[in-house]
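We begin with a single chain expressed as structure tokens, specifically the form predicted alone.
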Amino acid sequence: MILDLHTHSIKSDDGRAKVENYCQWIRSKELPIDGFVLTEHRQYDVESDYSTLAEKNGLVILKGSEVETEYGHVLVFGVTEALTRAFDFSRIDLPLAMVIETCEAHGAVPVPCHPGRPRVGMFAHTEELGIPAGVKTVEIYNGGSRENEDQIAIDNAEKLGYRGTGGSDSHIVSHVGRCATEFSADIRDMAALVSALQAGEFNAVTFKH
């Protein structure tokens, strides 16, 4: 299965895509992905239920989050109500060490995203702050990356022994599916996604031209 692990809808402050339109675009363009994860900025969207939309379009639609730390942005998969109470998702200065530790304590998976990007990427801060402890996986393919940002992510992940995911980081409909993550398991819910991420049974793929 191939899932785009990094997308934003109009629920994000800078998102301009409706979830229904993502589904229509994926189907009309026959994109080679089986679904996507909505990782809205600095929040976990508790109220939205996309199950009917997912069934209607034959797609998997899951929800995660994208939080902000002193090392840059981090995707969180497996968010629970208890985890949303454990730290303030809306903060822009969360300590990465705390995010990693708290996520793992709650069975969630933290993945620093676009780590090769200036300012909001993890590797932009490692020279000053050091290599953070506890990181296991980073996003190595990001649909919004420029120039050599993905290559910085790939090179550092390889050097540090991190696994790599892929996601489009789409904020508009036409960008969905540019990058994604391929799983050997059949992923139909967040529990299955978390298990596959924890087991390392995945590969990042890119469809960018």
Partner chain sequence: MTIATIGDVEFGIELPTFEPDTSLATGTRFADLISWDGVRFRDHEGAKKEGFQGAIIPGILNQGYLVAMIHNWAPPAEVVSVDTVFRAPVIADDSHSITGVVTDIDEEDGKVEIDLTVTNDKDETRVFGTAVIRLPT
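Positions refer to the first chain, counted from 1. If you're wondering where the values come from, they're calculated on a predicted model, not measured in any experiment.
Unshown form predicted in complex with its partner chain; subsequent notes refer to it.
- Among residues of the shown chain, Arg42 is not one whose heavy atoms approach its partner chain to within 4.5 Å in the model of the complex.
- The closest non-hydrogen atom of Arg188 lies beyond 4.5 Å of its partner chain in the model of the complex.
- When contacts are judged by a 4.5 Å heavy atom cut-off, Leu59 does not count as touching its partner chain in the model of the complex.
- Interface residue remark: Val173 is counted as part of the site for its partner chain in the model of the complex, having a heavy atom within 4.5 Å.
- Note that among 139-147, 180-188, 49-57, 154-162, the stretch whose heavy atoms approach its partner chain to within 4.5 Å in the model of the complex is 139-147.
- Residues of 14-34 lying near its partner chain in the model of the complex, listed in sequence order, are Asp14, Arg16, Lys18, Asn21, Gln24, Trp25, Ser28, Lys29, the criterion being any heavy atom within 4.5 Å.
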